[in-house]
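One chain follows as C-alpha coordinates, the form predicted alone.
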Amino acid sequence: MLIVPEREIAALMTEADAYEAVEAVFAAMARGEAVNFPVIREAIGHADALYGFKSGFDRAGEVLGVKAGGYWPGNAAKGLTNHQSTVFLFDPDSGRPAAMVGGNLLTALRTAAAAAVSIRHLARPEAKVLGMIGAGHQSAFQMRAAARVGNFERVVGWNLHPEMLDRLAATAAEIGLPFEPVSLDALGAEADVIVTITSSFAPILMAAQVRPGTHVACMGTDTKGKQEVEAALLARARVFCDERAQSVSLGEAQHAVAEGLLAPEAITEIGAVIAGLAPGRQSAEEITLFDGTGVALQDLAVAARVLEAARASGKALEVDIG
(Lines give C-alpha, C1' and ligand atoms only; values in the text may rest on other atoms or scores of the structure.)
Protein backbone atom coordinates (compact mmCIF):
# COMPACT_ATOMS: atom_id res chain seq x y z
CA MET A 1 0.00 0.00 0.00
CA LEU A 2 1.18 3.53 -0.78
CA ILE A 3 0.95 6.45 1.63
CA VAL A 4 0.96 10.09 0.56
CA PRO A 5 1.41 12.17 3.74
CA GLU A 6 -0.41 15.45 4.23
CA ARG A 7 2.90 17.33 4.14
CA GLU A 8 3.42 16.32 0.49
CA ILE A 9 0.01 17.32 -0.87
CA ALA A 10 0.75 21.00 -1.55
CA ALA A 11 3.58 20.07 -3.93
CA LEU A 12 1.46 17.50 -5.75
CA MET A 13 -1.92 19.20 -6.30
CA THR A 14 -2.60 22.63 -7.80
CA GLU A 15 -5.84 24.60 -7.85
CA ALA A 16 -6.02 24.05 -11.60
CA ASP A 17 -5.60 20.28 -11.19
CA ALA A 18 -8.34 20.23 -8.55
CA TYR A 19 -10.70 22.15 -10.82
CA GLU A 20 -10.11 19.76 -13.74
CA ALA A 21 -10.61 16.68 -11.55
CA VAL A 22 -13.82 17.96 -9.97
CA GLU A 23 -15.35 19.19 -13.23
CA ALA A 24 -14.58 15.85 -14.91
CA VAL A 25 -16.05 13.73 -12.13
CA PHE A 26 -19.23 15.83 -11.98
CA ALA A 27 -19.71 15.12 -15.70
CA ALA A 28 -19.00 11.42 -15.12
CA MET A 29 -21.72 11.35 -12.47
CA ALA A 30 -24.21 12.84 -14.93
CA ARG A 31 -23.32 10.22 -17.52
CA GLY A 32 -23.85 7.42 -15.00
CA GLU A 33 -20.18 6.47 -15.00
CA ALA A 34 -19.59 7.25 -11.31
CA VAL A 35 -21.66 6.84 -8.18
CA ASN A 36 -21.55 8.14 -4.61
CA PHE A 37 -22.65 5.88 -1.77
CA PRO A 38 -24.77 7.06 1.20
CA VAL A 39 -23.01 9.41 3.59
CA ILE A 40 -22.54 8.77 7.31
CA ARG A 41 -21.96 11.98 9.29
CA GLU A 42 -22.73 12.28 12.99
CA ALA A 43 -21.90 14.25 16.11
CA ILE A 44 -19.65 11.98 18.17
CA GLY A 45 -20.47 13.54 21.55
CA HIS A 46 -16.85 14.54 22.14
CA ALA A 47 -14.99 17.79 21.43
CA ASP A 48 -18.12 19.09 19.65
CA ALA A 49 -16.89 17.12 16.64
CA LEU A 50 -18.75 15.92 13.57
CA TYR A 51 -17.32 12.74 12.05
CA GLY A 52 -18.25 10.56 9.13
CA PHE A 53 -17.54 8.71 5.91
CA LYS A 54 -18.08 9.50 2.24
CA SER A 55 -17.41 6.79 -0.34
CA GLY A 56 -17.97 6.07 -4.00
CA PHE A 57 -16.80 4.39 -7.18
CA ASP A 58 -15.78 6.00 -10.47
CA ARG A 59 -16.26 3.14 -12.94
CA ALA A 60 -14.70 4.99 -15.85
CA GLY A 61 -11.56 5.90 -13.91
CA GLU A 62 -11.60 2.71 -11.82
CA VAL A 63 -11.25 4.69 -8.61
CA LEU A 64 -12.83 3.15 -5.50
CA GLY A 65 -12.47 4.62 -2.05
CA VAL A 66 -13.67 6.38 1.07
CA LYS A 67 -12.88 9.60 2.89
CA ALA A 68 -12.99 9.44 6.67
CA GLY A 69 -12.97 12.62 8.70
CA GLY A 70 -14.93 15.55 9.99
CA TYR A 71 -14.94 18.88 11.76
CA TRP A 72 -13.31 19.65 15.11
CA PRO A 73 -14.22 23.26 15.99
CA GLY A 74 -11.59 23.51 18.73
CA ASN A 75 -8.65 22.62 16.53
CA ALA A 76 -7.75 26.20 15.61
CA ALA A 77 -6.80 26.85 19.24
CA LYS A 78 -4.42 23.89 19.00
CA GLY A 79 -2.77 25.16 15.83
CA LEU A 80 -4.58 22.56 13.73
CA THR A 81 -7.05 22.77 10.84
CA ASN A 82 -10.63 22.33 12.02
CA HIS A 83 -11.38 19.98 9.12
CA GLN A 84 -9.45 16.71 9.44
CA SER A 85 -9.70 13.89 6.91
CA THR A 86 -7.91 11.03 5.17
CA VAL A 87 -8.75 9.38 1.84
CA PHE A 88 -8.37 5.62 1.41
CA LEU A 89 -8.24 4.16 -2.11
CA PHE A 90 -8.83 0.49 -2.90
CA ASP A 91 -8.15 -1.80 -5.84
CA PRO A 92 -11.61 -2.19 -7.43
CA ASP A 93 -10.66 -5.63 -8.79
CA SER A 94 -9.65 -7.17 -5.46
CA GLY A 95 -10.78 -4.82 -2.68
CA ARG A 96 -7.25 -4.63 -1.31
CA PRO A 97 -6.13 -1.24 0.06
CA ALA A 98 -4.09 0.63 -2.52
CA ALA A 99 -3.33 3.97 -0.89
CA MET A 100 -3.84 6.27 2.07
CA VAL A 101 -3.76 9.97 1.13
CA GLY A 102 -3.78 13.01 3.41
CA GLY A 103 -7.13 14.72 2.88
CA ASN A 104 -7.02 18.10 4.65
CA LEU A 105 -5.64 20.30 1.87
CA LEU A 106 -7.41 18.17 -0.74
CA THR A 107 -10.76 18.83 0.94
CA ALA A 108 -10.13 22.57 0.85
CA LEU A 109 -9.07 22.47 -2.79
CA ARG A 110 -11.91 20.27 -4.02
CA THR A 111 -14.53 22.31 -2.12
CA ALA A 112 -13.27 25.54 -3.66
CA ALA A 113 -13.05 23.86 -7.06
CA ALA A 114 -16.72 22.87 -6.90
CA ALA A 115 -17.76 26.47 -6.29
CA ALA A 116 -15.51 27.59 -9.14
CA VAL A 117 -17.11 25.01 -11.46
CA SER A 118 -20.52 26.44 -10.60
CA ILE A 119 -19.32 30.00 -11.22
CA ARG A 120 -17.87 29.14 -14.62
CA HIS A 121 -20.99 27.31 -15.77
CA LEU A 122 -23.75 29.39 -14.11
CA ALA A 123 -22.65 32.96 -13.37
CA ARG A 124 -23.17 35.77 -15.85
CA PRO A 125 -20.02 36.25 -17.97
CA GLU A 126 -20.00 39.96 -17.15
CA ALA A 127 -19.96 39.38 -13.36
CA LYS A 128 -17.52 41.89 -11.82
CA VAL A 129 -18.07 41.86 -8.04
CA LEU A 130 -17.43 38.80 -5.87
CA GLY A 131 -19.19 38.64 -2.50
CA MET A 132 -17.79 36.48 0.29
CA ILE A 133 -19.85 35.47 3.32
CA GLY A 134 -17.56 33.80 5.84
CA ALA A 135 -13.90 34.41 6.66
CA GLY A 136 -12.75 31.08 8.05
CA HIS A 137 -9.89 28.90 6.80
CA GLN A 138 -11.79 27.75 3.71
CA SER A 139 -12.67 31.28 2.58
CA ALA A 140 -9.21 31.96 1.17
CA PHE A 141 -9.39 28.85 -1.02
CA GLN A 142 -12.86 29.85 -2.19
CA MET A 143 -11.80 33.35 -3.16
CA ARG A 144 -8.72 32.21 -5.05
CA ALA A 145 -10.65 29.53 -6.95
CA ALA A 146 -13.46 31.96 -7.84
CA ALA A 147 -10.94 34.52 -9.10
CA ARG A 148 -9.34 31.91 -11.36
CA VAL A 149 -12.56 31.40 -13.33
CA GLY A 150 -14.17 34.84 -13.10
CA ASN A 151 -13.20 38.30 -14.33
CA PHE A 152 -13.82 40.00 -11.02
CA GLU A 153 -12.75 43.58 -10.41
CA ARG A 154 -13.30 43.73 -6.65
CA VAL A 155 -14.38 41.70 -3.61
CA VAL A 156 -16.85 42.60 -0.88
CA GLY A 157 -17.13 40.53 2.28
CA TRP A 158 -19.03 39.96 5.52
CA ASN A 159 -18.34 37.78 8.53
CA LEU A 160 -20.16 37.28 11.81
CA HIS A 161 -16.92 38.13 13.60
CA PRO A 162 -15.57 41.24 11.81
CA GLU A 163 -12.11 40.82 13.31
CA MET A 164 -11.62 37.81 11.00
CA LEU A 165 -12.13 39.85 7.82
CA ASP A 166 -8.36 40.41 7.65
CA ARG A 167 -8.13 36.96 6.03
CA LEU A 168 -10.40 38.05 3.18
CA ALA A 169 -8.53 41.34 2.79
CA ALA A 170 -5.17 39.56 2.67
CA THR A 171 -6.39 37.00 0.14
CA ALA A 172 -7.87 39.69 -2.09
CA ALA A 173 -4.56 41.59 -1.96
CA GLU A 174 -2.71 38.38 -2.84
CA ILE A 175 -4.75 37.99 -6.05
CA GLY A 176 -4.64 41.69 -6.87
CA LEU A 177 -8.24 42.72 -6.12
CA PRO A 178 -9.50 45.53 -3.88
CA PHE A 179 -11.52 44.40 -0.87
CA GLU A 180 -14.22 46.14 1.14
CA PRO A 181 -16.04 44.95 4.29
CA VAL A 182 -19.77 45.57 3.89
CA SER A 183 -23.12 44.84 5.49
CA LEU A 184 -25.16 41.89 4.25
CA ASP A 185 -27.61 44.30 2.60
CA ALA A 186 -24.77 46.02 0.72
CA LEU A 187 -23.18 42.70 -0.21
CA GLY A 188 -26.39 41.47 -1.77
CA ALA A 189 -26.90 44.76 -3.60
CA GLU A 190 -23.39 44.89 -5.05
CA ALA A 191 -22.24 41.31 -5.63
CA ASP A 192 -22.76 39.52 -8.95
CA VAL A 193 -21.51 36.25 -7.44
CA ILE A 194 -21.89 35.35 -3.77
CA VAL A 195 -20.00 32.51 -2.07
CA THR A 196 -21.23 31.44 1.36
CA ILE A 197 -18.73 29.41 3.35
CA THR A 198 -19.73 29.23 7.01
CA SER A 199 -20.68 26.57 9.55
CA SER A 200 -24.00 28.24 10.35
CA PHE A 201 -27.11 26.46 11.64
CA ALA A 202 -29.34 29.48 10.96
CA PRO A 203 -29.87 31.45 7.74
CA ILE A 204 -27.51 34.38 7.21
CA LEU A 205 -28.35 35.58 3.70
CA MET A 206 -32.01 36.46 3.14
CA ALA A 207 -33.92 36.08 -0.12
CA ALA A 208 -34.74 39.78 -0.27
CA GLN A 209 -31.04 40.67 -0.09
CA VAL A 210 -30.19 38.91 -3.37
CA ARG A 211 -30.80 40.82 -6.60
CA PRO A 212 -31.81 39.32 -9.95
CA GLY A 213 -28.96 37.90 -12.03
CA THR A 214 -26.86 36.86 -9.03
CA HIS A 215 -25.16 33.49 -8.81
CA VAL A 216 -24.94 32.11 -5.27
CA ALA A 217 -22.61 29.24 -4.38
CA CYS A 218 -23.63 27.79 -1.00
CA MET A 219 -20.64 25.78 0.19
CA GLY A 220 -20.96 25.48 3.96
CA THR A 221 -24.03 23.31 4.50
CA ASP A 222 -23.08 19.64 4.54
CA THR A 223 -24.89 18.29 7.61
CA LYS A 224 -28.50 17.95 8.74
CA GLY A 225 -29.55 21.15 10.46
CA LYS A 226 -26.95 23.45 8.92
CA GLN A 227 -28.24 26.43 6.95
CA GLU A 228 -26.60 29.48 5.38
CA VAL A 229 -29.39 31.07 3.32
CA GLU A 230 -33.10 31.62 3.79
CA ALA A 231 -35.15 28.78 2.31
CA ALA A 232 -37.17 31.35 0.37
CA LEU A 233 -34.05 32.14 -1.68
CA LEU A 234 -34.10 28.65 -3.16
CA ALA A 235 -37.73 29.20 -4.13
CA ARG A 236 -36.67 32.34 -6.04
CA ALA A 237 -33.70 30.69 -7.74
CA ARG A 238 -32.94 27.96 -10.24
CA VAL A 239 -31.20 25.46 -7.99
CA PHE A 240 -28.24 23.30 -8.96
CA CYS A 241 -26.22 20.88 -6.84
CA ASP A 242 -23.36 18.40 -6.85
CA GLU A 243 -25.69 15.47 -6.06
CA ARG A 244 -29.45 15.75 -5.59
CA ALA A 245 -29.76 13.07 -2.89
CA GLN A 246 -27.22 14.84 -0.67
CA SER A 247 -28.59 18.29 -1.44
CA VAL A 248 -32.05 17.27 -0.28
CA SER A 249 -30.93 15.31 2.78
CA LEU A 250 -28.05 17.35 4.22
CA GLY A 251 -27.43 20.31 1.93
CA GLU A 252 -28.89 23.79 1.72
CA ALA A 253 -31.95 22.40 -0.10
CA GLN A 254 -32.99 20.31 2.92
CA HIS A 255 -34.87 23.27 4.41
CA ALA A 256 -36.61 24.47 1.24
CA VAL A 257 -37.73 20.93 0.46
CA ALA A 258 -38.96 20.36 4.01
CA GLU A 259 -40.97 23.59 3.87
CA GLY A 260 -42.53 22.65 0.54
CA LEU A 261 -40.84 25.54 -1.26
CA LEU A 262 -38.76 23.38 -3.59
CA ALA A 263 -39.42 20.03 -5.27
CA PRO A 264 -36.40 17.69 -5.33
CA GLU A 265 -36.89 17.05 -9.04
CA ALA A 266 -36.50 20.80 -9.68
CA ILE A 267 -32.85 20.60 -8.60
CA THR A 268 -30.37 20.09 -11.46
CA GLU A 269 -27.06 18.34 -10.88
CA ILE A 270 -24.22 20.53 -12.16
CA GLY A 271 -22.68 17.56 -13.96
CA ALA A 272 -25.64 17.52 -16.33
CA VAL A 273 -24.86 21.13 -17.31
CA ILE A 274 -21.17 20.32 -17.79
CA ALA A 275 -22.00 17.26 -19.90
CA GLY A 276 -24.49 19.19 -22.03
CA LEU A 277 -27.46 17.19 -20.75
CA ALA A 278 -29.27 20.09 -19.08
CA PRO A 279 -29.31 23.87 -19.51
CA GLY A 280 -27.47 26.17 -17.17
CA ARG A 281 -28.34 29.84 -16.75
CA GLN A 282 -31.19 30.73 -19.11
CA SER A 283 -31.43 34.50 -18.67
CA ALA A 284 -29.44 37.41 -17.33
CA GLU A 285 -32.14 38.11 -14.75
CA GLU A 286 -32.55 34.72 -13.09
CA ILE A 287 -30.88 33.88 -9.80
CA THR A 288 -28.85 30.68 -9.95
CA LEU A 289 -27.89 28.85 -6.76
CA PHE A 290 -25.41 26.00 -6.40
CA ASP A 291 -25.83 23.76 -3.35
CA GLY A 292 -22.37 22.30 -2.81
CA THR A 293 -22.56 19.55 -0.22
CA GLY A 294 -19.25 17.90 -1.11
CA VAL A 295 -19.46 14.40 -2.57
CA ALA A 296 -17.12 11.46 -2.14
CA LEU A 297 -16.24 11.36 -5.82
CA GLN A 298 -14.68 14.81 -5.55
CA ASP A 299 -12.34 13.52 -2.85
CA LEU A 300 -11.53 10.36 -4.76
CA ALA A 301 -10.84 12.28 -7.97
CA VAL A 302 -8.31 14.64 -6.38
CA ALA A 303 -6.76 11.84 -4.30
CA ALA A 304 -6.26 9.69 -7.40
CA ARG A 305 -4.51 12.58 -9.14
CA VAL A 306 -2.27 13.15 -6.15
CA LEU A 307 -1.42 9.45 -6.00
CA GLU A 308 -0.45 9.47 -9.67
CA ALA A 309 1.77 12.51 -9.14
CA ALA A 310 3.30 10.99 -5.99
CA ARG A 311 4.20 7.81 -7.85
CA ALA A 312 5.81 9.78 -10.66
CA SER A 313 7.84 11.99 -8.28
CA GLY A 314 8.78 9.26 -5.82
CA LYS A 315 6.95 10.98 -2.93
CA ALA A 316 4.69 8.05 -2.09
CA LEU A 317 5.76 5.85 0.81
CA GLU A 318 5.31 2.12 0.31
CA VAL A 319 4.11 -0.06 3.19
CA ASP A 320 3.93 -3.85 3.05
CA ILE A 321 0.54 -4.88 4.44
CA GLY A 322 1.03 -8.59 3.68
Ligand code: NAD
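Throughout, we count residues from 1 along the sequence that is shown. As the structure is a prediction and not an experimental result, all values here were calculated from the model.
In what follows, reference is made to the form predicted together with the named molecule, a form of this protein that is not presented.
Visitor: Looking in the model of the complex, any heavy atom of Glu243 within 4.5 Å of the named molecule?
Guide: Contact check for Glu243: no, nothing within 4.5 Å of the named molecule in the model of the complex.
Visitor: Can you tell me if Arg211 lies within 4.5 angstroms of the named molecule in the model of the complex, counting non-hydrogen atoms only?
Guide: Contact with the named molecule, no.
Visitor: In the model of the complex, does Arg96 have a heavy atom within 4.5 Å of the named molecule?
Guide: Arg96: no, not in contact with the named molecule in the model of the complex.
Visitor: Give a yes/no on whether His137 approaches the named molecule to within 4.5 Å in the model of the complex, heavy atoms considered.
Guide: Looking in the model of the complex, residue contacts with the named molecule include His137, since a heavy atom lies within 4.5 Å.
Visitor: The named molecule in the model of the complex: within 4.5 Å of a heavy atom of each of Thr14, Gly102 and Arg148?
Guide: No, none of the three is in contact.
Visitor: Going by heavy atom distances of 4.5 angstroms or less, which of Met219, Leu89, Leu130, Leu233 would be at the interface with the named molecule in the model of the complex?
Guide: Here the answer is residue option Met219.
Visitor: Can you pick the one in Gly294, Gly69, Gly61, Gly280 that has a heavy atom within 4.5 Å of the named molecule in the model of the complex?
Guide: Among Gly294, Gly69, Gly61, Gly280, a heavy atom within 4.5 Å of the named molecule in the model of the complex occurs only for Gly294.
Visitor: Tell me, please, which stretch of 72-80, 184-192, 149-157, 109-117 lies within 4.5 angstroms of the named molecule in the model of the complex when heavy atoms are compared?
Guide: Within 4.5 Å of the partner lies stretch 109-117.
Visitor: Pull the contact list for 252-270: residues with a heavy atom within 4.5 Å of the named molecule in the model of the complex, in sequence order.
Guide: Not one residue comes within 4.5 Å of the partner.
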